[in-house]
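Quick setup: the structure tokens below cover two forms of a single protein chain, split into structure 1 and structure 2.
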Structure 1
Amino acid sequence: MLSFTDTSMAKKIAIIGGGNLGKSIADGLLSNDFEPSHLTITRNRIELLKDYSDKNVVITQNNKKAVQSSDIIIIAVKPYKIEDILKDIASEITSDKILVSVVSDFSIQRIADHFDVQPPILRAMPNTAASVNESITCIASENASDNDIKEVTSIFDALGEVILIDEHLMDAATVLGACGIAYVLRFIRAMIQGGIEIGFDAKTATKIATQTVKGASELLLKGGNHPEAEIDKVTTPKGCTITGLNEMEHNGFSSALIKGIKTSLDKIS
């Protein structure tokens, strides 16, 4: 994980939409020592952002004002709201600002169509783990310069890991990386429920399950092995691991997950 570039630290950032994802991005920035007074967050229900105001973050309901005072604008609203937001801020968009959309299923071209001038526009898809600096963020661009991409990448690098992809894969990135948080959490919840059923209290089962998932991820990230190679290390002939795995597969464990991922993609494609 990288820190901000010197120029990124000096830039002012506006997050248009202080919902769950917008706040996760803000939390990640602040935990990496981004200057609070250089960060603006907008939301209609401004009272829900009091914690940020207490940290000296600029809070406003005025999207135009937020855009005027910022160099990089991150649009983090629900998909059904983005048209209205773009119309609202269009008059304040200039070619020297960088626009980043974290809105799913809304292309760079559709964003550009709202402006008379053409600022650099990028799409980014982080996930809510940005709040703990463990997001995976996929970034796509069309008209952005190498320096613009570097600026935006440095922001999201500070929130976890970044991958540059082609825009046609952004919907797939949304499903695998952003929706994927929910898939993994549902798996962890099931592990905890199973742990309780075999004798642990909820707190202990949660600790064991969450650390086990973290450890499994680190094995792949640091070891670079295929998951099956790590699975082979803990499956002995006629052992309890392979018996449990086979029972899960007989009940459609892997196929259910794959079908869920494909169904999510169908929903937003």
Structure 2
Amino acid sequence: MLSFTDTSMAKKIAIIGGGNLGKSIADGLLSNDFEPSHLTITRNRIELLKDYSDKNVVITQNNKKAVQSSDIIIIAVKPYKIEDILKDIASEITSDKILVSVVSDFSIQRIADHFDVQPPILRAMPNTAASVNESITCIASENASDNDIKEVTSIFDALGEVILIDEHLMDAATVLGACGIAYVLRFIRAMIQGGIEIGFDAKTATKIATQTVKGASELLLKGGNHPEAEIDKVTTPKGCTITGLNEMEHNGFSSALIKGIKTSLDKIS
């Protein structure tokens, strides 16, 4: 469970862009007893935020007002919208506010360039597993104090795990963590297809594949072993596991994944 720092519990938070990620962040905060009236969410179609206004969260289309009344501002709009948002809210930004952007491929410097004053600016890169509180969120900052970082970390702790990284690794974090969800899902889909071919119905194959992926992750997370050490445990000499695994490698299994990760990074950078 999230343990907010005492100060962040008292702070007011604005989420500019109450879409998929913005709502996941809001859900994380609310499920950890964040005071709803201290939270403001903005989007154009505010009728889609009725569930939140019902809970006493402040809902508005007015980004300036949201910034005025908040201490921590989380920007969660699509990348092509962030310039307009920053221009809109610039006049309301003071040095005592904390700015957090979850927008990919938009640097802290580019955000700072929009303001006359310099508030602490952080970038956070969660993934879609934030909606089930199982995200890995990479957070970077250049000018935030330890306390600012603690405040922001406590928000994203509610969505899963948090690690601090240098900003120069933010694109790599986007690929490995955020795009990574898609790579793993495609892997699971392939496993399901293989499972169906060897005899299971889709539902059963999905259950076996998803729980197996979860179990493999837990072995590493809880056991702390290298993946190959766990593979050694299940590969009997001349057995079916090593034979199948080697066939996958002959067809470029690891290589395809590594090349895909590098290609995704080339596309962002």
Ligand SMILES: NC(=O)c1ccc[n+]([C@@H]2O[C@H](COP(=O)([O-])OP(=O)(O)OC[C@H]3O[C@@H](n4cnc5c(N)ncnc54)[C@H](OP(=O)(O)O)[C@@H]3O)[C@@H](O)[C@H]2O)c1
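Just so you know, these numbers come straight off a predicted model, no measurement behind them. Heads up, when I say rigid core I mean the largest set of C-alphas that superpose within 1.5 Å between the two forms. One-based numbering along structure 1's sequence throughout.
Looking at both structures, it is structure 1 that matches the form predicted alone. For residue 260, a C-alpha deviation below 2 angstroms is recorded between structures 1 and 2 after rigid-core alignment. With the core superposed, residue 213 shows a C-alpha displacement below 2 Å between structures 1 and 2.
Core-superposed comparison between structures 1 and 2: the Cα of residue 171 travels less than 2 Å. Superposing the rigid core and comparing between structures 1 and 2 gives a CA shift of 3.9 Å at residue 37.
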